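A lone chain, given as structure tokens: the form predicted on its own.
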């Protein structure tokens, strides 16, 4: 199968030297890309700025902003079987980007933010690939993950609980719960992201084959 995997954060510029971003390290997305290659799948890895070496065999597409990732994803899904949206895409971006560095002043400074592109929501509802979203939550994990599964029109949502500071973002370990459209859920307990990635690839590809077979 051909998988498109997104990983890492995006950066939304404020001025030439500052940006809005998040704590995503890209480790989970890179582990999924690596596990998919190990399982003999073809992989396109669309990556935000990270300090990781891409897995050998992956076609790497580097992006910085949410707009750039949006464009890269829409280009890549024209020819794929599975999209795994593991990247932590910025929810908001500055309404205006200053052409010069904003100077420090002894007064309050307000930054107007507008919504960044919602890549999952922008995907066509009728498609020939299996779409997997990720939900990083700090509370009411299942409720938020199931809501995202429905509103973002995904086939599967992988949720992780960020309330535990020792796993998830920036960590080498994670624990996830997988929610499917039919209401089923499956949990992978805390372990290394590499092991979780291997299990996720098996689960995702198994379910993708069922869904894609029904469409043809």
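Positions refer to the first chain, counted from 1. Just so it is clear, the model here is predicted, and its values are computed rather than measured.
We do not show the form predicted in complex with a small molecule, though everything after this point is about it.
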Problem - Touches the small molecule in the predicted complex: residue 145 (any heavy atom, 4.5 Å) - result: no
Practice task
Although the small molecule is absent from this view, report whether residue 134 comes within 4.5 Å of it in the predicted complex, heavy atoms only.
Solution key: yes
Problem - 4.5 angstroms heavy atom contact with the small molecule in the predicted complex for residue 75 - result: no
Handout entry: in the predicted complex, residue 117 touching the small molecule (heavy atom, 4.5 Å)
Key = yes
Practice task
Counting non-hydrogen atoms within 4.5 angstroms of the small molecule in the predicted complex, say which of 190, 59, 152, 181 makes the cut.
Solution key: 152
